[in-house]
Structures are given as C-alpha cells and as structure tokens.
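Listed next as structure tokens is one chain, alone, in the form predicted alone.
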Amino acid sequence: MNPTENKSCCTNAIDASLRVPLLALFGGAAVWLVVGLVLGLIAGIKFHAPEFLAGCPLLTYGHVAPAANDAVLYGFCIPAALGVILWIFARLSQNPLALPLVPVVAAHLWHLGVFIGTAGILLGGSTGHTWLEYPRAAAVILFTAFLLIAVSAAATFGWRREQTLYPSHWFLFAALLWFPWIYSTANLFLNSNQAPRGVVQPIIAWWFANNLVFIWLALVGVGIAFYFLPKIAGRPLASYGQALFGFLALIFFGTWCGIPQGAPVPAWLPTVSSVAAGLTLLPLLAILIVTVKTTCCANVSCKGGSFCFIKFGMMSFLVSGILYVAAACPQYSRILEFTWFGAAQTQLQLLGFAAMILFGAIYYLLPLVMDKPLPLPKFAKLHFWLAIAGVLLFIVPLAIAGVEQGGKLADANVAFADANAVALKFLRISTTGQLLILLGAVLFAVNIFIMTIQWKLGIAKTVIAYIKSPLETSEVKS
C-alpha cells in the first residue's frame, strides 16, 4: 500500500476531477468490448459453419475477424487502460487530474476513430497489415486522441505533490511513450504513399504487432497490477529491485521478438528473434517472483472481486509469455507455425491478461470515483466466473487445435484439408468460451451504464431543484 494515500478531502477532490473523463473512456470501452466480442463470435461460428450469415457481404470472415480483434484492442483495452492510468497517476501524485477537459474531448475522438476504423474494415477498406488494419483517417484520429490523453497524464505526473516514484510509474509512463512511437512509425512506413517494398514491409508489420500486443499490453497490465495488488493486499510491493529488473529486461529483450521462424527474410532476423524470446523468460520470472511474494498469504477473500481478476490476469500473462516463447523456439515453431496456436496465445494476452486486469481495476476504482457502490455487485462476481470459464474454454481448445493441426501439417501423407478439419471440433468448443466471455462483458457494461445513468439523473435533479428554488430577496433599509 502506498503510504502517501489517505482518505482525505484531497482524495475526494482527485476522484471528482476524474469522474467525467473516466465515464467517457470506460463507457465507450464497454460498448466496443461487446461489439468486438459479438464480431469475434460471428467469426468463430463462420469458420466451422461457413453458411452462417453467408448472404451478408459485410460479415465475411475476412472482414469480421480483424474488425473483432481491433475492436477489443483499440476499442476496449487501450481506452480502458488510459482511464486507469489517469486515475493511478492522479492518486500517486496526490493532485487532481491536470487539464480534465482534455481527456473528455480525447475520449470522444478515440471512440470516433474506432468507429471509423471498424466501419472501414467491414466495408473492405482494411490496410491488410495485422493490428494496423484501420484506414489512415482513423489512425490519425486515434494518434491525436492518445497524445491528448498522454499530455493530461504527463501534466498530472509533472505537477505531483508526492515526489516518490513507484514501479507502476515506470511501466505506465513507458507505455504512454511507447504507443505513439510504434503506432506513428508503423503508419508512416506501411500506410503512406511511399511505403517500402519487399521483405521490409512484413518485418515492420511483425515489429509493430509484437511491440503492441506483447510489449505495450505487458507494460500496461503489469504496471496496473503492481499498483493494485499491494494496495488491495495491504502490504508493500515485494521487491523494487526485481520489479526494476523485470521492467528493463522486458523492454530490452521483448522488442527484438516477433519474427516467425519460417519468415522469408535474412536468416539472422529469426535467429535473433528466437534468442530474444528465450531471454524474455528472465523478466517473466522476475515479475512472477514479485507477484507471488506480494500476494502470498494476503488476507484478502477471493470471491470474484478485483483481487481475483488481477491475480488471474497475472497468471494469464505468465502463461501467455511461456506460450510466446514456445512458439518462437525453432524446435516447436516448425509444428506450431501457421496453426491456431498463435491465435490462442494472442487471445490469452488480450482477454486473459489485459482485459481481466482492466476489469479488476475498473471494478475497484469506479465506485471510488463515483462515490457510490456498484449498482449490481452480484453481476461483477458472476462476471468473474463467466470470464474465467470463457477464457479457459476459448484458449485451451485453440491451443490444442494448434498442436493437433501442426502435427497433421507436418505429415506429408495427410492432405491439407484433412489437417485443417482436425481443428473443427476444438473450434466448436472455443465458440462456447467466446459466448461466455460475451455474457460477462454484457454484465460489465450494464454496471457501467447504470452508474452513468444514475450520475446523470443526480445532476438533472440538482439542476431542477436549483431552478425551482425561490430567489433570495434582500430587504432595502431606508
């Protein structure tokens, strides 16, 4: 627990300054999460039932699959993470949010950019680069909105009253710098009128995808977890030294990963990528040690609350990292490449790690910001169990399908169609997991929308009462 924080009027002022920006960020994020999961469910069904919605050209698998992934990442994970970062920076700074109007405008810009980008993909305007499918207009809007929120966060950090830096600062401030760098670089190279040709294009695309999904989400998720785990457990973070090592090793080794073993590029690139992926086990081990030491024997009941979400998210991060390293190992990549195994690792990083940590953080901080408890706390607990069951039923079958599919593809006596057909039974099970995750996301959105409506009704009642109140008259004495 950070000793500088206390239940004072200062804390109430901090939370009040964040109320409107966070509602704008979280409300839109909840909508896009549901939209993305619905599109993902459609994509999952269409893969093993191609006749499903076959008459709608907008909902072909090639349209809905990237639109679903981008809606979850850009529509939910990034704006929700930015809202949590603003709250953490304000709390650790012991100062109200700086430039509070800027994140409100930026939040609406961000959601507009996601809408334009998602519509562009569904209408066939995708750029074709993984995680960078949004057309140029949407990319410019997203970049501008992110910079505006980052300016507010940086100003809050710069005007802080509490000068002590915590591990959460390292991870989260690095994330604020990381995204504009990788997003602008990838768009300038790949979506410009003078895009490079040949093998340079896929190299840049792999570099961006690795830095966005693996590094940026790791910085945000671990940074948020390192704030909330000690705070909820009521004890300090276990080891600042190991946390610092994990942070530095992650951003140094992790950025070299992402080049597939079978890529048609100079041989030294996949080799360096494999070595770097193996070295990322070091930061994973350091983060595991810090997490276990901080949460071990903590006197916190785990019955579906924020602590449970964040602990499960950290376990998913470690498992996802191990799967990532396994896929980069030359011995295993010969079997796992071009299978569902990569999709399983990516979805575990998105839904099992980042989304679960963000759910736990939002369920913890939103009642504090709104100064009232969750309207439906049982929905939050039910959401936890639905999310766990959904992630397991979604990810585990996909990973098994990848292994089975890879084994068949490696056998020259098995036809390509037969090798792909092996995965169909696992894909049907994973669709059930997607449905459970979607139901949990609906419960999450309902809680946020009810809190938003209650807040707006409260403001409306206050304004009406003020209008109806009699005017004060002053007596003039002669």
Partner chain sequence: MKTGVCVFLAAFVSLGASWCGFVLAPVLQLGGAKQTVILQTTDNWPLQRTGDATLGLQVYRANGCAACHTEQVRQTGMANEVTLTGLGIRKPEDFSAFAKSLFVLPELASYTNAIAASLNGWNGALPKTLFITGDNDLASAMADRLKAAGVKSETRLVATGADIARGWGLRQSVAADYLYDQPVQLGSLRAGPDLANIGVRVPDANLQMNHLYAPKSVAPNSTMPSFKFLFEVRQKINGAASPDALNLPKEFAAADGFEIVPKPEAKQLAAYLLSLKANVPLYEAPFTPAK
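Since the structure is predicted, the reported quantities are computational estimates derived from the model, not experimental observations. Numbering follows the first chain given and starts at 1.
Just so it is clear, the following notes concern the form predicted together with the partner chain, a form of the same protein that is not shown.
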- Are S306, K311 and E404 jointly within 4.5 Å of the partner chain in the model of the complex, each by at least one heavy atom? no
Here the chain appears without its partner; judged in the model of the complex, the stretch of 72 to 80, 377 to 385, 316 to 324, 195 to 203 with heavy atoms within 4.5 Å of the partner chain is 195 to 203
Answer key: of S333, N187, S93, T291, within 4.5 Å of the partner chain in the model of the complex (heavy atoms) is S333
From L365, I182, A139, V213: within 4.5 Å of the partner chain in the model of the complex by heavy atoms is I182
- Query: Would W159 count as a contact of the partner chain in the model of the complex, using a 4.5 angstroms cut-off between non-hydrogen atoms?
  - Reply: no
Exercise for the section: May I ask you to check whether T255 falls inside a 4.5 Å heavy atom distance of the partner chain in the model of the complex? Expected result: yes
Against the partner chain in the model of the complex, would G262 count as a contact residue? Criterion: heavy atoms within 4.5 Å.
yes
**Report entry** Partner contact for V414 in the model of the complex: the partner chain, 4.5 angstroms, heavy atom
**Finding:** yes
Applying a 4.5 angstroms cut-off on non-hydrogen atoms, the residues of 266 to 283 near the partner chain in the model of the complex are P266, W268, L269, V272, S273
